[in-house]
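Next up: a single chain in structure tokens, the form predicted on its own.
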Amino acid sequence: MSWNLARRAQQLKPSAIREILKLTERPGIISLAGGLPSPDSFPVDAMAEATARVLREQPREALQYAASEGHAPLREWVAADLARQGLKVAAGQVLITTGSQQGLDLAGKLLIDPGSAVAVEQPSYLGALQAFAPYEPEFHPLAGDDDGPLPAALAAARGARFAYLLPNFQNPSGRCLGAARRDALVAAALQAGVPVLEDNPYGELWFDQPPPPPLAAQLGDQALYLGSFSKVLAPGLRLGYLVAPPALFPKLLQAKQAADLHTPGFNQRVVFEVIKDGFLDQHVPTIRARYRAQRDAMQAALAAHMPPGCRWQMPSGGMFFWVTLPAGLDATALLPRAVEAGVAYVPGAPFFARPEAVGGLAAHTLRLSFVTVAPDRIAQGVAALAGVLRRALEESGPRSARLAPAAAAPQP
């Protein structure tokens, strides 16, 4: 081949999740795999009305090139909304991005040199690992427990360019960090001088009570903060935002300009028209109610059907259950059997930056998503998955008889 690829291109890998989603296109498959918002939650009427209003009242501005920083009223709205959550920033610190995924790429481009240490949770969001990988970091896995990453592990990451953390209903684990663990992590980060990249796409999807304030509220200029409109409006808009300290903002803006000049101005104006008068205050609770019912259906199905030795936490928000299988069962190897039985999931291994650091745990973990499947179909899918696991345990021999009962782990 006459094309010579850059070394960073060797780090680009296909998304394991996207490849698995192809399996779900088979007729009759119950997909518990995709991390997609429910399309039934999309505010189609509100979007249609806002689109018509933008084209009627500001067509030339909406269809023209726009400022790289983003639509000024939308940036002001983001700053005001974050202030309600305890994170006080100026609108001038808000960079509108083409999805929060772009924010991950911009942060990686700005902060990672080949060989730089980047601290990540185990497991962590696969899309972030993919975004950082082309810049050739050395991933530093943070040891953790059911309450989240351990403060001592973050303190030991001194010298890392940043720690990437998802405190609210993490993808894939569904875990939400409690206030005490947040305070301890903030103290560890400040003591060790490790900046934090805080990613919060799921924070508004709480079921019982809102999560504690963002880590960035205490970290000040030692934090970058990512948010998204994908989970509360629609992912097809590709609209997110990155909040940066003033010292970093100019370089992030330059990286943004080099990447795409600006996020589509038309989309930004339409979204601002939708949300400017408090629409999300009425809309997001309907999403929470829908997802809570589906969460409850999955919890009930797991408790009723999963075989001995399986463990999980019932999430208090977000979109995911994280299941640990009995030792000896490989979630990746069992996926084809599950698909044959009519159900799909995502094996857990791709979510670990360094699977070897967890001593084989990665192989027997999997992620289940509940938000795009009706409760009755969730029950059918979990029952089918449980059948596959039971047969695998029977094949593994008498050791399965010594396994503890299936159980939901205590929620942090």
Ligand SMILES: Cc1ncc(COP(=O)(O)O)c(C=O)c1O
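Note that the structure is predicted; figures quoted are calculated from it, not measured. Residue numbers here begin at 1 and follow the sequence given.
Just so it is clear, the following notes concern the form predicted together with the named molecule, a form of the same protein that is not shown.
Of the residues Tyr225, Phe321, Phe132, Tyr164, just one reaches the named molecule in the model of the complex with a heavy atom at 4.5 Å or closer; this is Tyr164.
Scanning Leu104, Ile96, Ala338, Cys310 against the named molecule in the model of the complex with a 4.5 Å heavy atom cut-off leaves one residue, Leu104.
The stretch in contact with the named molecule in the model of the complex, judged by heavy atoms within 4.5 Å, is 199-207, chosen from 199-207, 140-148, 246-254, 112-120. Within 4.5 Å of some heavy atom of the named molecule in the model of the complex lies at least one heavy atom of Tyr125.
When the named molecule is considered in the model of the complex, Ser230 lines it closely, a heavy atom lying within 4.5 Å. For the chain shown alone, Arg182 is not a contact residue for the named molecule in the model of the complex, no non-hydrogen atom being within 4.5 angstroms. The named molecule is not drawn, but in the model of the complex it has a heavy atom within 4.5 Å of Asn171.
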